[in-house]
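Coming up is one lone chain in structure tokens, specifically the form predicted on its own.
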Amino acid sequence: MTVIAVILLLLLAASGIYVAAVLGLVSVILGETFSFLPLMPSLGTVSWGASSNFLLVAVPLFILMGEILLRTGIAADMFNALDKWVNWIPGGLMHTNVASTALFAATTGSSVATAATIGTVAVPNIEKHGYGPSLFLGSLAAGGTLGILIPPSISIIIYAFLTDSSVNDLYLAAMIPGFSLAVMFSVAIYIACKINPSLSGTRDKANWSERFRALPHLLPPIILFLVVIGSIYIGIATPTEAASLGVVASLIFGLSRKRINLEVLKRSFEGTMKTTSMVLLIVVVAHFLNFVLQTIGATQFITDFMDNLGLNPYVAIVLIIAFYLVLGMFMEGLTLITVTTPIVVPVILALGFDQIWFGIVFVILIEASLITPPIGINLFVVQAVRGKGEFRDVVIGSLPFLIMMIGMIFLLLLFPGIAMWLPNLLN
């Protein structure tokens, strides 16, 4: 059953069919083939249970917040302001790319939105300032992945929903690894540019007066982060309510700059509806697939199989990590979360690991899947924004950052406190 399920997923995904349709087809085939019970009549009940969870309301709200920041030009202002502060470091604008994606990620929670938004602003500077295109594009693709790790993160919300974990604890656990990974990305850029200075390009020099005049443009994302995350941890809002506060704050910032009009609102709502429909349809269908897998016994079989192998827990977790790195080359990140979480997390718990800690490791693995060919979606997003040149430039440029992600995973294995210190401190 397990082998057939994996083969079906890979074959159908490779055929180019929409992800939600793939998951639905696999659910029907497995249910009709292996179950002694009629599972299709349960589709309505399972789907309603999945889609009516209050926590999921945060997903469209965070997406809308990012759309407003994009449409009102606040993201572009943030990029230009950050550039005046960090472009003196060898690597110049590439450090701005990482800093901007980290800051924008901390307000939107979306990897694709982060890569597309910052990429649109940054890409014209490749030729303008003579940067090596591979590393520059790689910094955008990899920096965009920070959107699913640094709180507020949509992927973390979905993981929490699927595992019945605390969003608050997961957000706390993601703080240090998320911002540390951004620093590691900058370190990779610095080392690469020291080894090969031609990658660095020319840099616009900013004086201190220009830097201080740019500071007000950094306030919106910082204040939004404080509003969303701060309201959760001082106890006045749930994650869903905090997301709605973030939307209101982003509207206020747009109005204060006189950039909110009917056209901006229309495009923001349309973008939100398109993205939300895609995300939640996958979540609902994956929920039914997980119901089928549990009903036919596949989930319990995998847990028992891993337990019976008698492997050292750390050997087992390394094998699971390696499995995800390979699987991430062929499956899209959201699919990995929704399909594999209910199967793998029971195995992780049986091995004695904490599901909050694994949630952070898991999200970094999903980040890695976003920049690993041939399915890495951030690679395609950045190449689409670039609009010319060879796709392999983006792939090659992302490799140093992929190495940094793997390095962070092994740091978390060696020092779990990197993720667990904040949750343990504040609980």
Partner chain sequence: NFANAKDLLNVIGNVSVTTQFKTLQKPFWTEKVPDASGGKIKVNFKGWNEMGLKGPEGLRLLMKGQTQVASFQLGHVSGEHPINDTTDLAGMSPTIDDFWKVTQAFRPTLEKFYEDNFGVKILTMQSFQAQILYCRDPLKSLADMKGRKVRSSGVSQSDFLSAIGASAIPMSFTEVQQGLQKGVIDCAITGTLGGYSAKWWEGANYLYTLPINFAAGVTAVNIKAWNSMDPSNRKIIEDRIKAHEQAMWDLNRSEGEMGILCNTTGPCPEGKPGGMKRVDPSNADMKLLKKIMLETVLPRWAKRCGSECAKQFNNTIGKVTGLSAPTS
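We call the rigid core whatever largest set of C-alpha positions still superposes within 1.5 Å between the two forms. All figures in this text were calculated on a predicted structure; none of them were measured in a lab. Positions refer to the first chain, counted from 1.
Unshown form predicted together with its partner chain; subsequent notes refer to it.
Shown without its partner, this chain lists A188, A99, I296, V344 as candidates; in the predicted complex, only I296 has a non-hydrogen atom within 4.5 angstroms of its partner chain. Contact annotation for the candidate site: Y171, S180 and L309 all lie away from its partner chain in the predicted complex (no heavy atom within 4.5 Å). Contact between H287 and its partner chain in the predicted complex is found at the 4.5 Å heavy atom cutoff. Of the heavy atoms in A214, none are within 4.5 Å of its partner chain in the predicted complex. In the predicted complex, I317 stays away from its partner chain, with no heavy atom inside 4.5 Å. In the predicted complex, no heavy atom of I222 sits within 4.5 Å of its partner chain. Contact with its partner chain in the predicted complex, judged as any non-hydrogen atom within 4.5 angstroms, is confined among 139-147, 158-166, 318-326, 191-199 to 158-166.
Residues of 229-248 that come within 4.5 Å of its partner chain in the predicted complex, judged by any heavy atom, are I232, Y233, I234, G235, I236, A237, T238, E241 in sequence order. Residue displacement note: F34 has its CA displaced by at least 2 Å between this form and the one not shown (rigid core superposed).
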